[in-house]
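Before any questions on how it binds or moves, here is one chain, the form predicted alone, in structure tokens.
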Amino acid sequence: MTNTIDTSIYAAITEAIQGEARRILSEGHVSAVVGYAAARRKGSAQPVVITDAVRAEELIFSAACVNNLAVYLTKAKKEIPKTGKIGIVVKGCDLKALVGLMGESQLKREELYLIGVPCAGVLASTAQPAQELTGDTIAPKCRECDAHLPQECDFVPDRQPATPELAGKYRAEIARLEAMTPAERWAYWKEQFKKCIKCYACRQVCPFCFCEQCLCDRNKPQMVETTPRPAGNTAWHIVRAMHLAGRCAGCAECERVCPMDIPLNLLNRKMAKELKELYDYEAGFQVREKGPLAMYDEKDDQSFIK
């Protein structure tokens, strides 16, 4: 079943992004724009930073624009000018990450110019970047997306994305895991974590892993074993899941780049579901100073204290 998803608006969105980038660069509103440009292979895309209005025509948006560019405003920022407002092209899921980073005082809204993208979805894999976006090729995160239209941006092309009804892959998988016994779930995740080779691609691509030195890299004292052994792997992924609980924006970049196909976003989604049920909290478009695990409320459920 192909279930072709209409992405015909992406050509008009590309044109609108180019025009807006050209305007804000030429008028001096921003010192750079972070966006997507065509890569070498037909249909592929890659992140790009442009500082000259003449290069605005390089910007594109297509189903192959999978990267969350928010990471370029935290640790992968070597090419970003240190002064001046920065323009950035954002899908809805990427915008949630930016909002989270603003809440953690890593970014300031007044220093950003947000170019929102009406998004019908992106590809799950860029192994064949020119392939059609369908119900089979769309990224799992896009099947459950509630942010096709980014909010509170400085500029959003006037286009309405197609929002087909697709079965939620994560919802179904979480339901399957919740139906297991605790021992069965533990066995499932141990089997997944066992595959980890400690490449840390999940950490490198995550906008919320912005510490200059990760606690898990320290060896005096060593918090997490750094070699790819089962005990250290399990510790790493549990620490990571708890570290992202209430912060993860659901961009699923960790899962996309994992070379061992560990369902990392499934774990993040499960944590997000728990926080929603326990604290009625979820990542969104509203800047909040603290997440539910970083603050205390007398009304918090304390039934777990025996």
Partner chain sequence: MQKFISQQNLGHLLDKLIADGKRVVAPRMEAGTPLYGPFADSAGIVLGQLPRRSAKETFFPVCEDIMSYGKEGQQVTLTDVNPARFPETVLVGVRPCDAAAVPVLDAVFSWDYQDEFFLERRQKTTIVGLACTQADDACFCTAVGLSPADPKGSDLFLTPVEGGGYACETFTEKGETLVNSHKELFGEPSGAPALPLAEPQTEKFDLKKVKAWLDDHFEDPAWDSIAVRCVGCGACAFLCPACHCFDIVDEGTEKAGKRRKSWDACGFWKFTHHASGHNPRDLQPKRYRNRIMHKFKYYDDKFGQTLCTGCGRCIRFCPVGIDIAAIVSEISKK
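Residue numbers count along the first chain shown, from 1. Treat the numbers as computed from the prediction; the structure is a model and nothing was measured.
What follows is about the form predicted in complex with its partner chain, which we do not show.
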property	result
Partner-proximal stretch of 22-30, 66-74, 275-283, 242-250 relative to its partner chain in the predicted bound form, 4.5 angstroms, heavy atom	66-74
Contact label in the predicted bound form: T83 to its partner chain, heavy atom within 4.5 Å	no
E104: touches its partner chain in the predicted bound form, heavy atom cutoff 4.5 angstroms	no
4.5 Å heavy atom contact, F155 and its partner chain in the predicted bound form	no
Close approach of R159 to its partner chain in the predicted bound form, 4.5 Å, heavy atom	no
Partner-contacting position among R171, R229, R185, R109 - heavy atom within 4.5 Å of its partner chain in the predicted bound form	R229
Neighbours of its partner chain in the predicted bound form among 101-117 [non-hydrogen atom within 4.5 angstroms]	none
